[in-house]
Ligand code: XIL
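A lone chain, given as structure tokens: the form predicted on its own.
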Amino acid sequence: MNYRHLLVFIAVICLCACQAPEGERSVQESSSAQSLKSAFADDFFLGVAVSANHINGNKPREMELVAREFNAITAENSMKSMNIHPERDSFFFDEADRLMVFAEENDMHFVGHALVWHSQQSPWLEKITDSAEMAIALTEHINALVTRYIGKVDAWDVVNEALNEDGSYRESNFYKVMGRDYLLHAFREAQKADPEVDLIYNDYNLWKPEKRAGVVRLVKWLQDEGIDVDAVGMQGHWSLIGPDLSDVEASINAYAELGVDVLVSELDVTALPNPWDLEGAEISQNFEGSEYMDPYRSGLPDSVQLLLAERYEDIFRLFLKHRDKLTRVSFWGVCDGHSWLNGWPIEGRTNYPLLFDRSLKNKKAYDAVMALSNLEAEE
């Protein structure tokens, strides 16, 4: 353990000494403590993605935690086209409307996710094969969503995951029908529908040099076409050992040089083995489970808890270093029990990727992040 890790470890011990043991702390008991959103209020938004169960009122304690700890919110799935626009002439706005009300009541930065994505899209969109018809369909979809939430949604993930790992364009149905112009069309229509809303390109593995270069080309092209791209969203589906944070830092700097904000839009850190060194977030991939691939069914060992805390400490130290470029850091899930990583890339595993455990108790990773914010404030 080097000197800076020792400092963080001592700070964590001091925090824990003033509280009940981790296994005994409740949401109510910790509610008087400083929250994530207040700890980083001068740095960036601290956000979280919530599920339909949260939005529909089935998880009130989780939503209490969300309101207390975070000042930005994203619908994990409820605003994706298959859910919000299931038929061409039919919309389901109920869940998004409830989230909008929650965001307003709690003065939260509201992120719309996502207007155009090749996955979890409406089946009727997948059937379109004519370029002109696809353009009309995208216009109708984007205009309906963006105009409904003018002044309510602060930022939209306009296009999600349009690039391959080598930086080339993914051959989605949108690309096959319209070529790369579908991206230009989507951003242009969103910009026309709400000139004040922030427009984001969002993707995973954006720390990779080849994909980084692809994003730079994409954003420069959109800018040359008159699109005010406001931010690049770097999904942070990372692990205890990767990616190397020097690569993440290189990407933060590269995107900031484009004159856009940088976001960490979907942060979680898997504690489990990754089959065949799979990287990223391609949700079509899944694998059969095994005891080796699901080693912590009965709980996360203290040794791994400490590794997770150290990893989060390193990650947030980097974020704070670049607070002038980062405007939001959003976790992809409220607590371990609701993380999508329990079902991907292997169904039915028990993962521990977030700052709150299955009982909504603060983990050592939470304490390490909070201790880091305190140490930074004292420097």
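In this text, residue numbers run from 1 along the sequence as written. Because the structure is a prediction, the values reported are computed rather than measured.
Although it is not shown, the form predicted together with the named molecule is what the next lines describe.
- Of these, Q235, Q191, T270, N71, which has a heavy atom no more than 4.5 Å from the named molecule in the predicted bound form? Spelling it out, the residue with a heavy atom inside the cut-off is Q235.
- Item | Listed residue that, although the named molecule is not shown, lies within 4.5 Å of it in the predicted bound form (heavy atoms), from S131, T139, S168, N77 | It is N77.
- Query: Would F45 sit within 4.5 Å of the named molecule in the predicted bound form, counting heavy atoms only?
  - Reply: Residue-level check for F45: no, no contact with the named molecule.
- Query: Do Q120 and the named molecule come within 4.5 Å of each other in the predicted bound form, heavy atoms counted?
  - Reply: It does: once the named molecule is placed as it appears in the predicted bound form, Q120 has a heavy atom within 4.5 Å of it.
- Can you check whether E161 is within 4.5 Å of the named molecule in the predicted bound form, heavy atom basis? Within the cut-off, so yes.
- Message: Just checking whether F316 would be counted as a contact of the named molecule in the predicted bound form - the rule being heavy atoms within 4.5 angstroms.
- Response: F316: no contact with the named molecule in the predicted bound form.
- Which one, 143 to 151, 111 to 119, 171 to 179, 305 to 313, holds residues whose non-hydrogen atoms are within 4.5 Å of the named molecule in the predicted bound form? Heavy-atom contact with the partner occurs in 111 to 119.
- Query: Judged by heavy atoms and a 4.5 Å cut-off, are E266, W332 and W340 together in contact with the named molecule in the predicted bound form?
  - Reply: Yes, each of E266, W332 and W340 comes within 4.5 Å of the named molecule in the predicted bound form.
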